[in-house]
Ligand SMILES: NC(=O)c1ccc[n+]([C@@H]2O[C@H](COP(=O)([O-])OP(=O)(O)OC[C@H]3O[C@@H](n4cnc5c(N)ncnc54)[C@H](OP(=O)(O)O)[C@@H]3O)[C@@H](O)[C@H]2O)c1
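Take a look at this single chain in structure tokens; it is the form predicted on its own.
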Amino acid sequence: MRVAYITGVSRGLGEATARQFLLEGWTVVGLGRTHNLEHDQYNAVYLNLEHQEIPEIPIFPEATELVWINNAAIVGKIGYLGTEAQDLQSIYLTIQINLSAALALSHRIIQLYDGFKGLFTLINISSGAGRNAYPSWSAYCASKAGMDMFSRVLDIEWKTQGKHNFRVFSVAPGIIDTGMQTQIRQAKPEDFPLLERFQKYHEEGALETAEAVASKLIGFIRRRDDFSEVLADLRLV
């Protein structure tokens, strides 16, 4: 039995990945505020990442392979720090949803499957914004850089513990045609100096579909032992 847990499953990459896992016969646990999937092997768990409470997460002792994907994220408000385009609530919320919640949920699932002997793969959906500085995205860039470092630390911890069946990757998925990209294109030019670049991505058809990226991600997970580095970019594999 193969089980995949996915946060941010209501739309975009999360939903597309869940649908593809289900087509391949996996049991899927979707964690999010809303759920659009109906399937005999789909388990819906209500999760509001704005809060710190961890919901009850179903476990499957008979599983032979597990995948946990920290996918949920927001870009937050777009604008320079210290200007009216930003505010404290958006800064706190972006870090909470993108980083703090991912750490807490990962901690919990690792506890729940302590001693698991099958293949366990933890995927953190990172971003090029975690590896390159983008003006007006301070909280988003910081949160994604944090995901990269969290993944590197967890990799060392598992190797130190001899958990060679446990693997962690921080995966930059590329530029996907999702609601986040729509929000970015709606930013004000004075708040986001890279606005024209992101508008051109859309106009020139440079955005990948969520379905195409989901297929690449599942292929990456399937070939996980071909990759030695924790940080990965789906555009390069």
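Residue numbers run from 1 along the displayed sequence. Owing to the predicted nature of the structure, the values given are computational and were not obtained by experimental measurement.
The form predicted together with the named molecule is left out here; the points below concern that form.
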{"item": "Contact check for 10, 49 and 126 against the named molecule in the model of the complex, heavy atom at 4.5 Å", "value": "yes"}
{"item": "Stretch from 173 to 181, 58 to 66, 22 to 30, 188 to 196 whose residues place a heavy atom within 4.5 Å of the named molecule in the model of the complex", "value": "173 to 181"}
{"item": "The named molecule contact at residue 102 in the model of the complex, heavy atom, 4.5 Å", "value": "no"}
{"item": "Exercise: residue 122 in contact with the named molecule in the model of the complex, heavy atom 4.5 Å", "value": "no"}
{"item": "Residue 73: touches the named molecule in the model of the complex, heavy atom cutoff 4.5 angstroms", "value": "yes"}
{"item": "4.5 angstroms heavy atom contact with the named molecule in the model of the complex for residue 97", "value": "yes"}
